[in-house]
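Listed next as structure tokens is one chain, alone, in the form predicted alone.
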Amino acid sequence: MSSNLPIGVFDSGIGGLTVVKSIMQKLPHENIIYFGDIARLPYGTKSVATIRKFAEQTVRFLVQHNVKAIVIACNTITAVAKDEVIKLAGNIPVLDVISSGSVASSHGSNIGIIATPATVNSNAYPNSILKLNTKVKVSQVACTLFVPLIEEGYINHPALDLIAKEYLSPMNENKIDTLVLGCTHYPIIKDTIAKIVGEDINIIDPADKTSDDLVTTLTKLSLINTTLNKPVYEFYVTEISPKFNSIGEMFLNTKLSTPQLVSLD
């Protein structure tokens, strides 16, 4: 496997670009292929069988594009389809946000998880965290409306504040000391979340830890791209939406090239 091959990153939509941003910062010379299944989002309210089917289709697409590593930048996909992704990837290393986020949060004593319904129902985060530290207390809340609000650009809107207070009130009642942002969209509204749970709460963004783990993995496999050429960033989507560029540029703090439309059906 050549070190100048791209890294494949995928998500159900736009949120995974928060992971891409972290990878760009820590691995500035790496080529990246990003896949967002915008036409079929949100994944968080779909059945396990459907999510697995969609994930399998995406992984086949990335493998065909000769990626050297695959990053599951979606907590929902990780929670219910990680095993299928690993199986299809073969000898390509697979990293995911739940494994990385669990390690980062396991040092807390009273941990809260906010995520999509599918991620919460899978119990993937509590199971992963408790394997690392059996003494912690873990609670979860499904925040169903966060993703559509973010996708619609309601980042600094009173409606978001009201809904966030409703979702996060159990976390305040449980007196958590650590909060995991269990969806890659949620870092975009981190300031709103921090305002409600309190600035003293340790808020974990799994994207940061995932990119750290990616650096470690590629280094061990001697797959770090050592060329100083300008990296190539390719974006593929299942639906062309003006929101991809506008929200994506907000996520990445940079201009995006026009995404390429693909069909996986």
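Predicted model, so just to flag it, every value in this text is computed and none were measured. Residue positions are given as counts along the sequence shown, with the first one as 1.
Absent from the display: the form predicted in complex with a small molecule. The rest refers to it.
Is there a non-hydrogen atom of Ser105 within 4.5 angstroms of a non-hydrogen atom of the small molecule in the predicted bound form?
So Ser105 does not count as contacting the small molecule.
Should Phe54 be counted as a contact of the small molecule in the predicted bound form, where contact means heavy atoms within 4.5 Å?
Because no heavy atom of Phe54 falls inside 4.5 Å of the small molecule in the predicted bound form, the answer is no.
Residue-level question: is Gly36 within 4.5 Å of the small molecule in the predicted bound form, judged on heavy atoms?
No, Gly36 stays farther than 4.5 Å from the small molecule in the predicted bound form.
Using 4.5 Å between non-hydrogen atoms, is Val180 touching the small molecule in the predicted bound form?
Result no; Val180 lies far from the small molecule in the predicted bound form.
Counting only heavy atoms and a 4.5 Å cutoff, which of 42-50, 62-70, 220-228, 24-32 contacts the small molecule in the predicted bound form?
Of the options given, it is 42-50.
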